[in-house]
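Form predicted alone, single chain, as structure tokens, below.
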């Protein structure tokens, strides 16, 4: 267990260095992009090893306790963002706003109890893993859109406008952001379908409107509304950015709030 914690801390240090460098790069108009990407990849490698060692030791996936869910959540979000950072060069400066958001989750993670949880029989199914993986891709895609939305809002209020001048204009950022929102919509839909199949295996019903299912559906509806509005009315980028943040807020609450407050069988932390 000691090696798991050491690897986790080493990964977090790499993430913090990458985020700090991204902020400094924007402030000083520098472009140490390869270094930032290298730090992110090194952090993912160390973090992934930590998760893998825990998985092998406990013989259960990282989706039972708050510590495991936060750890795998941070890994999934940063994995998605690192791919986007690598492949889409024009949006790389958004690392300066995305990584500080994840610092909050990392701070939460290091304060959680590392004790293992108990694996209920209902969790011992491949469909749960598929359900969780779809959910992580969904949230990761929306997080990337959030980075672009925050830049649009910062520009709107005249904050760091010159620092983000190297990014595409607001309309182009809005277009890119909603492409990621569309990806998120596809994977949230798949997440709900896989979750329904898991629920049928676990409890003999596909849907029961428990708190987590209800909030997941609300998030799906709001995301569908945001995409529909974007296609039909084409709102100004600032309004589109507000919608993106609303969807992310609902999704974050669904993933990291509701499951740990509800007392029904469909619960996150065991």
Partner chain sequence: MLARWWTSLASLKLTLVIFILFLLSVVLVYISELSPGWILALPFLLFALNLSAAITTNPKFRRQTGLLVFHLALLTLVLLLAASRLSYLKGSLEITEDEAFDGLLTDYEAGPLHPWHLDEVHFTQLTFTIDYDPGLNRGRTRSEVLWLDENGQPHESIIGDHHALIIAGYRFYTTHNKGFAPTFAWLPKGASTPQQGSIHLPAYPAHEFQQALDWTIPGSRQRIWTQLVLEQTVLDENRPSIFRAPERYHLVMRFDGQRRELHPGESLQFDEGRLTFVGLKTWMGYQVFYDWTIPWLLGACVVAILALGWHYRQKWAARPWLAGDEDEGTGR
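Positions refer to the first chain, counted from 1. These numbers were taken from a predicted model, which means no experiment stands behind them.
Another form exists, predicted in complex with the partner chain; not displayed. Remarks below refer to it.
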For this session: Give a yes or no for residue 38: in the predicted bound form, does one of its heavy atoms lie within 4.5 Å of a heavy atom belonging to the partner chain?
Result: no
For this session: Report yes if any heavy atom of residue 193 sits within 4.5 Å of a heavy atom of the partner chain in the predicted bound form; otherwise report no.
Result: yes
Exercise. Is there a heavy atom of residue 100 lying 4.5 Å or less from a heavy atom of the partner chain in the predicted bound form?
Worked result: no
Exercise. Does the partner chain get within 4.5 angstroms of any non-hydrogen atom of residue 113 in the predicted bound form?
Worked result: no
Exercise. Pick from 67-75, 102-110, 135-143, 161-169: which stretch has a heavy atom within 4.5 Å of the partner chain in the predicted bound form?
Worked result: 161-169
Exercise. Tell me, which of 58, 218, 45, 236 has a heavy atom within 4.5 angstroms of the partner chain in the predicted bound form?
Worked result: 218
For this session: For the heavy atom contacts within 4.5 Å of the partner chain in the predicted bound form, list the residues of 164-202 involved, in sequence order.
Result: 168, 169, 170, 171, 172, 175, 176, 179, 180, 182, 183, 185, 186, 189, 190, 193, 197, 198, 200, 201, 202
